[in-house]
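In the block that follows, a single chain appears as structure tokens, in the form predicted on its own.
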């Protein structure tokens, strides 16, 4: 049993590293990062390749996550399970930030809102649960899309003059999301609104959704129009808390 657990942990570690490297990694890269012998890493990759989780590039020198593995996040976790684990944490985030909070997951190239917490004031607001958002134009979407590039929209529709419609620029934006671990939006979907979101990871580090807050630019950003660091910290801590609950119960 200990050997089996260790093998699973090592395979999960390999998948996490590949998820953060869209251009792929070689056996030596993975071995150095994990402190494992090349033969051990090669054995793990061979098994992951056999079950369809990883693929090799044409040269055979690098491995990357398969499209099939990327789509697992859409199906292996029931949306009601994600919502039930996120409710308390999302409610707390809305209360502390004073902003709208949403939890979403990637479904057929769109971000489906599975939980929505109203801004804690007396303003009129519509419930968004069940609605979909464009992944390239929202922080919630970019936080998930960054780890599943196979779901990137073929056509990048413009919703405002700030929407990213250039595939190259979107790729650069998603690389930034992966490197820092959180996503932003600045009037890209709706004028005068900004957002901050972070990915929610399930077993093996697989991104299964995201949580984010949305509000007016003057509240979300500081005087220099940078997304507020305290809100970023709140959002990331909320995503981590939801992830812990998911892993503890699976």
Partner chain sequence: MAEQYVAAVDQGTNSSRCILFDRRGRLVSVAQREHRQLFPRPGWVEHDAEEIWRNVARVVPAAIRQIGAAPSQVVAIGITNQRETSLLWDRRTGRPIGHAVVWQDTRTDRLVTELAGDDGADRFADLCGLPLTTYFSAPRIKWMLDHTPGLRQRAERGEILFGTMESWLIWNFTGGANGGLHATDVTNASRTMLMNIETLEWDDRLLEAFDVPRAILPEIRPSSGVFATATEVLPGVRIGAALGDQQAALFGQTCFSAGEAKCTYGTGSFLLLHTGQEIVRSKHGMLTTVAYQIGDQPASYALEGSMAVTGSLVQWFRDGLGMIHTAAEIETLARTVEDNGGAYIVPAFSGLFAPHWRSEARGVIAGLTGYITKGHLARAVLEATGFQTLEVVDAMNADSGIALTALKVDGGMTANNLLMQFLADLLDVRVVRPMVTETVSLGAAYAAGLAVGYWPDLEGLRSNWHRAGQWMPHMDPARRATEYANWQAAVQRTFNWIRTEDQEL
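We call the rigid core whatever largest set of C-alpha positions still superposes within 1.5 Å between the two forms. Residue numbers count along the first chain shown, from 1. Values in this document were obtained by computation on a predicted structure and should not be read as measured data.
There is also a form predicted together with its partner chain; it is not shown, and the following applies to it.
- Across the options 160 to 168, 126 to 134, 174 to 182, 140 to 148, residues that bring heavy atoms within 4.5 Å of its partner chain in the model of the complex belong to 126 to 134.
- If you check its partner chain in the model of the complex, you find a heavy atom from every one of 84, 87 and 120 within 4.5 Å.
- Although the partner is absent here, residue 58 sits close enough that one of its heavy atoms falls within 4.5 Å of its partner chain in the model of the complex.
- By the criterion of a heavy atom within 4.5 Å, residue 94 is counted among the residues contacting its partner chain in the model of the complex.
- Residue displacement note: residue 225 has its CA displaced by under 2 Å between the shown form and the other one (rigid core superposed).
- Positional change of residue 192 between the shown form and the other one stays under 2 Å at the C-alpha, relative to the superposed core.
- Annotation for residue 216: C-alpha shift under 2 angstroms between the shown form and the other one, rigid core superposed.
- Between residue 53 and residue 86, the Cα spacing is smaller in the model of the complex than in the shown form, differing by no less than 3 Å.
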